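Here we start with a single chain on its own, the form predicted alone, put down as structure tokens.
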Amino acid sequence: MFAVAETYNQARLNDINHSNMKIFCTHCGVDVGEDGKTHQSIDYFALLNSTFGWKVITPADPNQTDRIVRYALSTPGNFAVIMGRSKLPTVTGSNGTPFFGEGYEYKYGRMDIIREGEEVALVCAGNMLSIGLETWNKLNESGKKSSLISISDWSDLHPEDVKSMADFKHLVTLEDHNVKTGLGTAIASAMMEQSLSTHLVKRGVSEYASSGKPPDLYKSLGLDADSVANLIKSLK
């Protein structure tokens, strides 16, 4: 809230002046929890994406954060690396080793396929990947083979990634951001620009949340693993 919303005019001036500003901020979204709706920044992407040059990146776990920070610091331009408040678990691949660990190469603008499946793809933004993995496990246990995709770079979706997402019969996006102006909307716009289409269900913050522990708030907004899994199971 204090790094983006309260200082938006400074970000806009940095964009106008083609500066080399790097913002690394935590406490984004409903994940702020007990601080309540006044401190739950759910419009960080919408604000910065209304400029022409800012790049918004939301890491999925500590290992990817390391790669992203190194990239942002070594690349000219205005970057906002935005994280939540809670500690994130290390994301593992299907073989049980860290997905973003040794051998992982961060490529700005490209999505990461965490698990492969059929018909349905759950696309997670940043710190929501941990909930996405929990959702995927529940679906897998029930026999539903879905794909799990992580997108950290919301500002520049790669055309090839957008095309591959449109190949799924159903696409479900999951984000800790205003559902009207976040990743799901960006994907929808990118698909339309390429004359692509699929059934898209956007799941994000649909109203101002109250004060409470993040898992309870996510559940009240239908962003918890059980709610998302049930949603995907209902898709025909």
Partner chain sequence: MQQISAEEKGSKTAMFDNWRGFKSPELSKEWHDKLTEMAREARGNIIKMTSLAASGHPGGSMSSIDIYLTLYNMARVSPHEPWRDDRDRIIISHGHTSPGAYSALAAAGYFDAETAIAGFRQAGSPFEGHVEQSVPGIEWDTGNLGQGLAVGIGKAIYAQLSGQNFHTFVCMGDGEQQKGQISESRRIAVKYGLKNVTAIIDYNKLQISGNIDDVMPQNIAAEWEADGWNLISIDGHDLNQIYQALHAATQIADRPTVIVATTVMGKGVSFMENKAGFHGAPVKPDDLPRALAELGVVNNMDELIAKRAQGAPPEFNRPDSGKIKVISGTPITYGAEVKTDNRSAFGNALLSVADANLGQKDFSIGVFDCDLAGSVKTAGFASKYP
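This structure is a prediction, so every number in the text was calculated from the model and none was measured. Numbering follows the first chain given and starts at 1.
There is another form of this protein, the form predicted together with its partner chain, and it is not shown here; the text below is about that form.
Participant: Though only this chain appears here, would S94 touch its partner chain in the predicted bound form if you measure heavy atom gaps against 4.5 Å?
Facilitator: No, S94 sits far enough from its partner chain in the predicted bound form that none of its heavy atoms falls within 4.5 Å.
Participant: Looking at the partner-bound form in the predicted bound form, is D66 within 4.5 Å of its partner chain by any heavy atom?
Facilitator: Yes.
Participant: Whether R85 contacts its partner chain in the predicted bound form should be assessed with a 4.5 Å heavy atom distance threshold; does it?
Facilitator: The answer is yes: R85 has a heavy atom within 4.5 Å of its partner chain.
Participant: Is D61 a contact residue for its partner chain in the predicted bound form, using a 4.5 Å heavy atom cut-off?
Facilitator: Output for D61 is yes: heavy atoms within 4.5 Å of its partner chain.
Participant: With the partner left out here, if you bring back its partner chain in the predicted bound form, are S189, S206 and G222 all within 4.5 Å of it by some heavy atom?
Facilitator: So, no: the whole triplet misses its partner chain.
Participant: Just one stretch in 113 to 121, 147 to 155, 161 to 169, 97 to 105 has heavy atoms within 4.5 Å of its partner chain in the predicted bound form, so which one is it?
Facilitator: Of the options, only 97 to 105 has residues within 4.5 Å of the partner.
Participant: Within 1 to 38, which residues come within 4.5 Å of its partner chain in the predicted bound form, counting heavy atoms only?
Facilitator: Sequence-ordered list: F2, N9, Q10, R12, L13, N14, I16, N17, S19, N20, K22, F24, T26, H27.
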